[in-house]
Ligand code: GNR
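There is one chain below, alone, in structure tokens, taken in the form predicted alone.
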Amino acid sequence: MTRRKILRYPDPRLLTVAKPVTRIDDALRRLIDDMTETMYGSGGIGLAATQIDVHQRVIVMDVSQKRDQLVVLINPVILAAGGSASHDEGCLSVPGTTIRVRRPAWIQVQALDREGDLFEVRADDWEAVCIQHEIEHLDGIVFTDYLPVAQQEKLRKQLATAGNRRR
């Protein structure tokens, strides 16, 4: 497994819409392993392939307390959603930033697993939040899009300043 570099907002590659996976093979499983290593190594609970500049519809996530319940979603599709809930979300592509986002409280999702088997899952709470957040990455949406335009620009400037201090 290899830890990959995570794209940082406002990198324009984060706006790329991912293409559906058409083949489940060893190369895809290596990508999933790399994404898993990257997510766990970065302290995240979810990671979309878009965030490591791979534009395929693949998500890895683990919202468990012990960080021992990895979920892989290939070509995820939300079939149903309901309710409403707000959560303070963070993102590995926007480090040090949380944004309050209102989303459906529960979702029903269909996806392929690591072996290419189709499954469905009903998710709520943080699992629902994480899946929706990561699917948005696959659709070229970053959670900063929920902010008013003036706040988005302020955040871009803050992150650019912070990035220049690290160099």
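From 1 onward, residues are counted along the sequence shown. Bear in mind that the values here come from a model prediction, so they are computed numbers and not experimental data.
The protein also exists as the form predicted together with this ligand; that form is not presented, and the subsequent description refers to it.
When contacts are defined as a non-hydrogen atom within 4.5 Å, all of L47, D88 and E134 contact this ligand in the model of the complex.
With the partner omitted from this view, the residue of V129, I107, V58, M35 that lies near this ligand in the model of the complex is V129 [heavy atom within 4.5 Å].
Using a 4.5 Å cutoff between non-hydrogen atoms, L92 counts as a contact of this ligand in the model of the complex.
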